[in-house]
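Only one chain is shown below, in structure tokens, and it's the form predicted alone.
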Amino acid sequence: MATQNETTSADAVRENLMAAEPPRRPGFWKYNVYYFRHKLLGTIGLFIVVVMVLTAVFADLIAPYAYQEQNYTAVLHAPSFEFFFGTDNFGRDVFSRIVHGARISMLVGFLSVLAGTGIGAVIGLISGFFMGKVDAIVQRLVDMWMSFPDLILALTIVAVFGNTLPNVIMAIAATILPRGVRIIRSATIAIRETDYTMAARSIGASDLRTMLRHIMPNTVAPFLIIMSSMFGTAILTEAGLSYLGLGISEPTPSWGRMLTGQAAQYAPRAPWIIVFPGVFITITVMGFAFFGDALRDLFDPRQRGR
């Protein structure tokens, strides 16, 4: 009788275990919400990024005045309800110029980072996959490229080709390109030695198919990380070029250009001319830096539980 009861109990336990649903892993969006709730700096960075992007997109609706509109009856007007951030020495509304300057900063940052990391990713993918002489030549060129300070290299390109918007984007992209090469090359070298890549090559997959189908999709995570981390650097470089007079030319507003010229001359009398652009540059760069660090931890399995 005892044996029969034990058998019945074991069958019941087995049926309960089979009927029980396996634990489900949290979905993508649920995990991301949980992650950003527990990563305060990453959440703050994401909030700053979203605000700056929306400001750039809807600059015409947010700015109360045109960025080139001059009001000579309100020159160096202090911050007030009429002029939120005051006016400059030409009577232009500083708040409106900062809002429109966000559009320039986001545009230059996005295009330069996309071009620099995109071209660098292609070169790094080829260099890391084929190795040998190709890799040696590419890496020596990258070493020489990175030996130049970023701002000096960007200044040289802009001074030679002119300070138009495409040239400024090209100059900043040139400073980002070697970092994209290094990051994607390292990821490619690690991925090309994995079992699935070796299996694909063993069954006769061409080099192009192996790179496009098996290696490149697995470099998306480091590609997004390098893009987010270099965005703040691109904005800071553009501000530096504009501060030195080789950035976006007038009358197009730029945060860096708002800090140079006659702004320093009028700063003791009207400090808001340089304070607000400097604050927005600092906040934007810090926001992208925080968001880039959080994105790196999000894609790194070793950091998810910390």
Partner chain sequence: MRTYLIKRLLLFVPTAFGVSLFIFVMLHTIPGDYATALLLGGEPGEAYDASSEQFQQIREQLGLDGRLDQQYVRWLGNFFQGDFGISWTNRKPVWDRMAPRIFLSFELGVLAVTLAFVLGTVGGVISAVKQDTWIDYVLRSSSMTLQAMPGFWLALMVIVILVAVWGWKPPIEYRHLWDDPARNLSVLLLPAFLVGLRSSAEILRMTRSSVLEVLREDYVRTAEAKGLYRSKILGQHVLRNALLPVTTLAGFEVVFLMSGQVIIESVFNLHGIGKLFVQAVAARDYPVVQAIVMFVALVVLLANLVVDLMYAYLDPRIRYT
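Numbering follows the first chain given and starts at 1. Just so you know, these numbers come straight off a predicted model, no measurement behind them.
The following text describes the form predicted in complex with its partner chain, which does not appear among the structures shown.
Contact check for I157: a heavy atom falls within 4.5 Å of its partner chain in the predicted bound form. Its partner chain is not shown here, and in the predicted bound form it never comes within 4.5 Å of any heavy atom of F110. Residue contact with its partner chain in the predicted bound form: Y243 places a heavy atom within 4.5 Å of it. Taking the partner from the other structure, its partner chain in the predicted bound form has a heavy atom within 4.5 Å of a heavy atom of G162. The listed set I152, L212, V220, I137 contains one residue whose heavy atoms approach its partner chain in the predicted bound form to within 4.5 Å, identified as I152.
Interface residue among I44, I62, I274, V57, judged by heavy atoms within 4.5 Å of its partner chain in the predicted bound form: I274.
Note on the interface: of 75-83, 120-128, 232-240, 89-97, the segment with non-hydrogen atoms within 4.5 angstroms of its partner chain in the predicted bound form is 232-240. Site residues I183, G204 and G292 are none of them in contact with its partner chain in the predicted bound form, judged by any heavy atom within 4.5 Å. Counting a residue when any of its non-hydrogen atoms is within 4.5 Å of its partner chain in the predicted bound form, there are no hits in 118-138.
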